[in-house]
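Listed next as C-alpha cells: two forms of one protein chain, kept apart as structure 1 and structure 2.
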Structure 1
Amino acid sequence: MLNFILRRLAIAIPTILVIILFSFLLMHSAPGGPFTAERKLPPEVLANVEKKYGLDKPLYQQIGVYVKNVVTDFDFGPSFKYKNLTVNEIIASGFPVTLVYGMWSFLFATIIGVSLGVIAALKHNTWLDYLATSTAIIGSVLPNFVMAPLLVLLFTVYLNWLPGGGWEGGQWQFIIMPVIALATSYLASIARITRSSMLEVLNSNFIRTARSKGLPTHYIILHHALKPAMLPVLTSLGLSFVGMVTGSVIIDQYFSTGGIGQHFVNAALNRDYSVIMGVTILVGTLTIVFNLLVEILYAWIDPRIRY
C-alpha cells in the first residue's frame, strides 16, 4: 500500500510538469497578449511592459524562470491584468470562498443524490423510481445559466427571501443559491450512479441469499448492500469534489461570490498568463490528490483490491 502511494506520488511530479508545459505552450499560441488593448500602448511603452514581466525572453527561458520561482519560492508571479495583485493573493482571496460553497454543495449533492438513488433503486420500476430518475436527469441537463437566473427571480425578486448575490464573508443567506445552482447537476449524476450501482448489488447472489434468510429489508440495505454499492459512487465523488471546490464561472459571475471559478474563463480571456498557470496548477494538483485519495479509500473499503 505505502509502496503504491509512493509510486503514485512519483508520477504526480512529472504530471504537473507536463501540465505546466502544455498550458504554457497552449496559452502563448492564443492570439493577442495580456497587454493587447483597445487603446494601443505606444511601442516603446509596450516593450517596457513586456520586459518588466519577462515576456521579452524566449519561451523556454520563461518556462524555466517560472518553474524555478514556483519550486523554490512557491511564487506564482504577479497577475498581468490586476496590477496590484499576485497570483498567490488572487488564489488566497478566491479559493477559500469557493472551498466553502463547494464543500456545502458537495455535502448537499452527496446526501440528497445518494438518498434519491437508493430510493429509486429500492422502489425499482415504480412511480417513485420514475420520478426520482426523471428529476435527476432533468436536473443534470438544465444548464446552470438557466438555473441561476430562475433562482434569483424566485428567491430575490419575487419572494425577497435571499440576497441576489455577494458573499459578505460567507453568511448563510449568501451561500444558499450558489449551492443549489452548483450542486444540482452533480446531485443528479450522483443519484443516477447510485441507483444503477444499487440495482446491481440488489440483484447479486449474496443479497438474494440474505433475503431468503428472511432478514429485514432495512437491515440488508444498511449492513450488506450499501457498502458495496457505494464503491463505484466513490470514484465519481472524488472528481465531483474537485469540480465543486474549484467552483464554476457561472456561479461566480451570477452571484458575485468572488470565488476562484471565474478565473478559469476570465484569465484565459484576459490572457493573464500567470493567473492561468496558477489556477491550472491548482486544479491539476487537486485532481491528482483526490484521485489518489479515492484509490486509497477504495482499497481500504474493498480488501479484495491489492496493489
Structure 2
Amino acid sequence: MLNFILRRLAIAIPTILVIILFSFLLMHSAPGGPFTAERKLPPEVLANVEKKYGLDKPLYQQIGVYVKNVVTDFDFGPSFKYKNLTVNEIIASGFPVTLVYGMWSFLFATIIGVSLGVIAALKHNTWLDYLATSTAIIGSVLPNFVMAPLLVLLFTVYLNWLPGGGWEGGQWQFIIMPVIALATSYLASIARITRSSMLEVLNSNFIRTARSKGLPTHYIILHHALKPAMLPVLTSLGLSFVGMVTGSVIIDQYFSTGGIGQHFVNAALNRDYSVIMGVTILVGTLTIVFNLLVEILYAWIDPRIRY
C-alpha cells in the first residue's frame, strides 16, 4: 500500500508543477495587462510599476521566482489591483466561506444521493424507484444558476423564511439556500451512479450465493453489496468534492456570500492576474489532491488495484 501511495505522489507532484507553470504562461500571454485596463499610463510610470512587481525581468526569471515562492512558501505574491493586499490574504478571506458551504453541500449531496440510489436499486421498478429516479432527473435539469433564483423566489419573496443573500459569519439561515442550490445537480449525478452500480452488484453471482445461504437482506447490502458498489461512486465523489469545496461563481455572485468565486470574477474583470493565477493553482492542486485520496480509497476497498 505504501508503494502504491508513493507511486501516485510521484505523479501528483510534477502535475502540480505543470499547473503552476502553465497558469503563469497563460496569464502572461493574455492580451493587455493589469495596469493598462482603465487608461494608458505614461511609459515612465508604467516602467516603475512593472519594476515594483518584478515584471521588468525576463520571462524565465519571473517564472523561476514565482515557482520558487509558490513551492517553498506557498506565496502567490501581491495583488496587482488592491494595494497592501497579497493574493494569499484575498484567498484567505474568501476560501473559508466557500469551504463552509462547500462541505455542507458535499455532505448533503452524498448522503441524500447515495440513499436515493440505494433505495432505487433495492426497490427496482417500483414506485420508490420511479420517485427516486424522477428526483434525480429534476435535480440534473435544474443547475445552480436556475435553482438559486427559484429558492430566493420561494423562501425569501413568497414565504419570507430565509434571507436572500449575505453571510453574517456563516449563520445557518444564510447557509441553507447556497447549500441546496450548489448540491442539487451533484446530488442527482451521485444518485444515478449509485443506482446503476448497485443494480449491477445485486445481480452478481456472489450476491446470489449470499442469498442462497439465507443471509438477511440488510446484512447482504451492508457487508457484501455496498462496498463494491461504491467504487464508481467514489470517482464521482472526488470530482464533486472539489467542485463544491472550491465553490461556485454563481453561488457567490447570486447570494453575495463573499466566497472565493466572487474574488475570482472580480479579478478577471480587473485583470488582476496574480489573483487569477492563485485561485487557479489552488483549485488545480485541490483537484489533484482529492483525486489522489480517491485512488487511495480505491486501493483500500479493492486490493486488486494496488497491483
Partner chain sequence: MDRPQNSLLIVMYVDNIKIQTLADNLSDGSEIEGRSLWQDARHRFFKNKAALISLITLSLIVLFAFVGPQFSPWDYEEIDWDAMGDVQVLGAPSFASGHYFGTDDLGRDLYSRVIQGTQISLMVGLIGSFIAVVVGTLYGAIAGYLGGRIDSAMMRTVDILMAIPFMFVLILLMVMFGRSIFMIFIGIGLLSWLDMSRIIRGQTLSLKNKEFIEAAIATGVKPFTIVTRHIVPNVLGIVVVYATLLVPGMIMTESFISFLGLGVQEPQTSWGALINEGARTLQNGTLWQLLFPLFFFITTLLSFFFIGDGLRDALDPKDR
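Not measured: the values here are computed from a predicted model. One-based numbering along structure 1's sequence throughout. Think of the rigid core as the biggest set of C-alphas that the two forms share within 1.5 Å after superposition.
Between the two displayed forms of this chain, it is structure 2 that matches the form predicted alone. If you fit the rigid core between structure 1 and structure 2, you'll see the Cα of residue 264 move by 2 angstroms or more.
Comparing the forms between structure 1 and structure 2 on their rigid core, the Cα displacement of residue 282 stays under 2 Å.
Annotation for residue 150: C-alpha shift under 2 angstroms between structure 1 and structure 2, rigid core superposed. Aligning the rigid core leaves the CA of residue 75 displaced by 2.6 Å between structure 1 and structure 2.
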